[in-house]
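Only one chain is shown below, in structure tokens, and it's the form predicted alone.
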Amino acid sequence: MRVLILGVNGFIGSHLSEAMLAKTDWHIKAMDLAQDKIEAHLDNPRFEFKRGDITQEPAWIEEAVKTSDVVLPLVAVATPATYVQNPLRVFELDFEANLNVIRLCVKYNKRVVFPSTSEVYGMCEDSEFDEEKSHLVTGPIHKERWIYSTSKQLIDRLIYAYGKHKGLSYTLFRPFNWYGPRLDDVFNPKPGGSRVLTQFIGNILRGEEITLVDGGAQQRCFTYIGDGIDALLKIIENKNNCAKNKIFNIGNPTENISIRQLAETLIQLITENYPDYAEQAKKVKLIEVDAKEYYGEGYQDVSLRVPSIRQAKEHLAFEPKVDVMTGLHKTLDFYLA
């Protein structure tokens, strides 16, 4: 199988390519702006990498889609602070750039596996989010935070329409707070410059206060990257068409903790297991801040985000195995050990 991965140097892309090269005989063609997370694969004969910007390489992208069997457009802005600070950039990359790739998949009749997001459910009030039944609810226009969610949702709807009316073969997968090694740069000091887990680890390493937006009461189902990649490999393989034209939530509904609990757990784990950082971890204070003060007027959040994984269990035999304490240990080992 020939698999095209756009955004291969990202969190999901780097873990996916590593697993594919280790567990399959598939050939990978890939592009990204950087290569620091995939250096180990550059000499592998089954890994063909081009450093570049997908918005600046239309001829290469078209030829790559044309000569691949499965296309994964993983390029996206995925940090909440950017949704508010630079919403146009989010739309241009997450929607416009990916739309071009989707249309090429239609043109050349190529299967697309697209990373939707748990954020498409927005402020849905269901106790768990179901791919086929839950409403996708977002806030008012001046809450610019939702440009990410709605950009992804519109791509989802277009892919579905292309599948129904033009015969496009597709799978949409919705990651629920995937985390693990190589998530973000923990040394990025910019508030909101990375996702919450790596933001907190960086705060601890720098001896800074941990800022809990709205007190950190929001709950999230954290899913270890290894579990997510196992599901994604089955989606790409598509044995007996098990994933054809389906949508899957990929998450761990039993590992539902608050952002405050996440911060407290990280401090505890670092204090007890990483002596080089224990003293500074003990001194870290948790500070509550209003969301408007931290992100600006355009931010809005949801208190709960729990996936139904019925579809993934039924069609992919997906069963998350890594509990949050084990996953955090693995992540901290990568960054600190």
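We number the residues from 1 along the sequence you see. Quantities reported herein were computed from a predicted structural model and do not represent experimental measurements.
Another form, the form predicted in complex with a small molecule, is not on view; read the next lines as being about it.
The partner is absent here, but in the model of the complex a heavy atom of A78, alone among L205, I247, C124, A78, sits within 4.5 Å of the small molecule. This chain lacks the partner; the member of N98, S118, N252, T171 within 4.5 angstroms of the small molecule in the model of the complex by a non-hydrogen atom is S118. Picking from 58-66, 38-46, 271-279, 300-308 the stretch near the small molecule in the model of the complex, with a 4.5 Å limit on heavy atoms, gives 300-308. Although the partner is absent from this view, L136 stays clear of the small molecule in the model of the complex, with no non-hydrogen atom inside 4.5 angstroms.
For the chain shown alone, R182 is not a contact residue for the small molecule in the model of the complex, no non-hydrogen atom being within 4.5 angstroms. With a 4.5 Å cutoff on heavy atoms, I102 does not count as touching the small molecule in the model of the complex; it lies far away. Though the partner is left out of this view, Q85 does not reach within 4.5 Å of the small molecule in the model of the complex, counting heavy atoms only.
For the three residues R195, T211 and Y294, a heavy atom within 4.5 Å of the small molecule turns up in the model of the complex in every case.
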